[in-house]
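Heads up, the chain below is alone and in the form predicted on its own; it's given as structure tokens.
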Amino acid sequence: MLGTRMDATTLAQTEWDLVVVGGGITGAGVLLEAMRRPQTRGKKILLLEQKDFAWGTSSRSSKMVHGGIRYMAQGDFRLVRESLHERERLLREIPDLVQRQAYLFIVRGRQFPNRWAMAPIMWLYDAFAGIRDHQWLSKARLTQSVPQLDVTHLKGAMYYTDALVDDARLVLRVLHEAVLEGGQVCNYMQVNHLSAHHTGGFDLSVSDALSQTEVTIHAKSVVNATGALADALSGTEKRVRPLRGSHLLIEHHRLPIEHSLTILHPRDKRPVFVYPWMGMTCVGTTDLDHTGDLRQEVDCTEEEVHYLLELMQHEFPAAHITQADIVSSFAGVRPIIASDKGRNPSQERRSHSVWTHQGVVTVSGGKLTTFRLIAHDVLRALGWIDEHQQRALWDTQERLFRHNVVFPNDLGNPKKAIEFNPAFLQTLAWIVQHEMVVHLDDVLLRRTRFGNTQSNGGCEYLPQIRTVCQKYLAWDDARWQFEQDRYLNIIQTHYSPPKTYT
């Protein structure tokens, strides 16, 4: 369990061996792998997150644990091999959360890649994963599986498998494991700046959003795992290119598909996914440079809604999908390590980078799937493992998740719709008691995805949710009103598609 949230004053009383800044999947992975190594036993390691755990990119991804077919086309075979290796590990260890999913790469006439170009790619893709499940689906078989799909120039599809996940729940699962290994975590704790201490180590100026206090925390080592914000603490020239990706959630009955479809957008031939997720049909993603304030919630823009609906109307014309069918939207910012200026965002590599400046280790970029391997690169940069130890960790048979945490049934199940019933209220009661909840949106947008998958954030169910929160979080009426207003404002402003599009 994540335990009771400590305030900044309490944290400042400890001399920390390592402070990890950033509570997304990368920071969580670093904390877990640091705590698991025999040579780090007894070390005091703390993770700090300025918002809520998984608040940023790690709750706004495409919800896939995958190798990445398109990275094969970019020649990034190492990234794909590592991703598929980690995908299979996660499928074995946490099958309740990471679940294998059938994918269909749709092929039309005069399109590249076609069937024959895809065949060797898929053979290598399966070989990297150590499985063989790809096959060609004829047009007849494809239209049986996806009857709504437009048949114009349709040739068929390449069938293969990857995996779906609730990305925020994956972060929380990793954090639970890290805490059980002895790590400490704290959300809503912002690191404003850090500096080298004259006696060694680092001083971190930290603001506690709850107590409104600022303290100095001392650490022997610091890892900056703040994703798109990494440049703010790295002390080096900017390396991160923030790219926004947006998704739309549509009611499943309006487009009832069971496979994850990879479709080339008619406008620019970018691959876009249309896939089932938590009882909804999800469409995404976009790939645009993001120039807004990275500390603020990110919105799906009118331009992106138009782009994704254009795909839906082109590929599924008989379904007549319009803005009225959009239940909610979500947008996140990918921390991409920049290459050449002016390069097409979709052509940027998804590999991570680790660099050190004046003793501070910064990590950014990379994929949700490879968090364990990213953590090993960070530990090596810290000097906590060497090259030989890192190679041994690549294919270790040691379980990543070795503690038995009993979670509520179907919590984070990416293939199961969220229903409001007594069992869901019991799940909420467990969450608010065990997962360091501070705000209502922590519960409804990250600990569960109830707010994402309901019209207007499920506002009609808030009276029953209020009872649970007031009972276990001791919120009085004034606090509840504040939390409700805050939550509904977030939903209306950041998770509802723009109203101007027609």
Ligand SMILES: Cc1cc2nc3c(=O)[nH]c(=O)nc-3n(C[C@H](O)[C@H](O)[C@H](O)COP(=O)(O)OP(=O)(O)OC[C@H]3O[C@@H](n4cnc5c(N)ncnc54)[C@H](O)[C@@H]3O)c2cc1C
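Counting begins at 1, following the sequence as shown. Computed from a prediction, not measured in an experiment: that's the story for all the values here.
Note that the form predicted in complex with the named molecule isn't included here; everything after this is about it.
Trainee: Out of 397-405, 377-385, 242-250, 313-321, where are the residues with a heavy atom within 4.5 Å of the named molecule in the model of the complex?
Mentor: This holds for exactly one stretch, 242-250.
Trainee: I106 near the named molecule in the model of the complex, any heavy atom under 4.5 Å?
Mentor: Flag for I106 set to no.
Trainee: Is it the case that D441, even though its partner is missing from this view, gets within 4.5 Å of the named molecule in the model of the complex, heavy atoms only?
Mentor: D441: no, not in contact with the named molecule in the model of the complex.
Trainee: Contact between S62 and the named molecule in the model of the complex at 4.5 Å, heavy atoms?
Mentor: Looking in the model of the complex, residue contacts with the named molecule include S62, since a heavy atom lies within 4.5 Å.
Trainee: Is L32 a contact residue for the named molecule in the model of the complex, using a 4.5 Å heavy atom cut-off?
Mentor: L32 lies outside the contact set for the named molecule.
Trainee: From the list L229, V432, I94, V179, which entry has a heavy atom within 4.5 Å of the named molecule in the model of the complex?
Mentor: Only one option qualifies, and that one is L229.
Trainee: Using a 4.5 Å cut on heavy atoms, which of Q454, T448, T40, T57 is close to the named molecule in the model of the complex?
Mentor: After the contact test, the surviving option is T57.
Trainee: Using the arrangement in the model of the complex, list in sequence order the residues of 12-50 with any heavy atom within 4.5 angstroms of the named molecule.
Mentor: Counting only heavy atoms within 4.5 Å of the named molecule in the model of the complex, the contacting residues of 12-50 are V21, G22, G23, G24, I25, T26, G27, L48, E49, Q50.
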